[in-house]
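The chain that follows stands alone, in the form predicted on its own, written as structure tokens.
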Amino acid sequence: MTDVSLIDGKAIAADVRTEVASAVAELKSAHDYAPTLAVVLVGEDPASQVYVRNKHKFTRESGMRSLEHKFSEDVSEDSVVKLVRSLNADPAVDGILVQLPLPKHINTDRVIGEIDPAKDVDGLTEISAGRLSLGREGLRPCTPVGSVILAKKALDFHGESLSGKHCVIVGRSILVGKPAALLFLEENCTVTIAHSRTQDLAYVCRSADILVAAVGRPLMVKGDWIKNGAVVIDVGINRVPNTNPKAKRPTKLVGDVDFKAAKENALAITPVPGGVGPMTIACLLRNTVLAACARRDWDVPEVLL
């Protein structure tokens, strides 16, 4: 058993947002300009509404402009595409985020594909994915970037680095798993992508110095799947019934990792909530500043380098 430390995503995200605010202040001083983030929300999904509300709050707190565009659940796909195109054409908009998931009648690939890659602050367009795959400069997906930062911070605290570590990523989605693999590879990790059909998944996970769980199944990764001294990044956010008779709410949030059991072996682990989630928003704000600078050929403020 190790002396496990919690990776405080809220505190680390607050540090990133402080850096973003400093960068925004520098842009205002040098260019009399504050970057603008436009968020598109379709429908009434409660989780999406919370995310968008927090994005709006933290965007404004950092000194940037925040635009919100809301559609009803039954909006047509063409209407959403028309809005995205208008945001592409608006020179005052630096970043565009379409909140996912979209309603089933809307083709998500089509909508995301309409976003100008120069404004793709969520890093989801084909151009952004291609640049990441080729190792070229571009806007990176926020949740994977946040996961790398958290793992790096945890290892730094213990006097270690990412370089040379074996990173196992459970999950192969285009949103998290695949881009996270490429980002950890850029940090000189040896990377294995595993998934629900991996043979002897528990054995593969036990080989990980860094384990990233992003499979979307509550408590799938068991405590004895964690190697002693591993860093665990739990990307999962799952709502499950709350069996505690004293609980005030009928459901609770859990990750993809059995947190209580995993911390018996882990060197450091992210909680759910309060781990990766806050980092996603912080990295979104950072990307908006980077996009604003790249579009205008301005030097990126040193605090973000």
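Source: prediction; values computed, not measured. A residue's number is simply how far along the shown sequence it sits, counting from 1.
FYI, the form predicted together with a small molecule isn't displayed, but the following is about it.
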| query | finding |
| --- | --- |
| Single option in 88, 173, 198, 99 placed near the small molecule in the predicted complex, where near means a heavy atom within 4.5 Å | 99 |
| Contact of residue 51 with the small molecule in the predicted complex (heavy atom, 4.5 Å) | yes |
| 4.5 Å heavy atom contact, residue 143 to the small molecule in the predicted complex | yes |
| Heavy atom of residue 280 within 4.5 Å of the small molecule in the predicted complex | yes |
| Contact flag, residue 122 vs the small molecule in the predicted complex, heavy atom cut 4.5 Å | yes |
| Per-stretch contact check against the small molecule in the predicted complex, the hit in 99-107, 76-84, 225-233, 178-186 (non-hydrogen atom, 4.5 angstroms) | 99-107 |
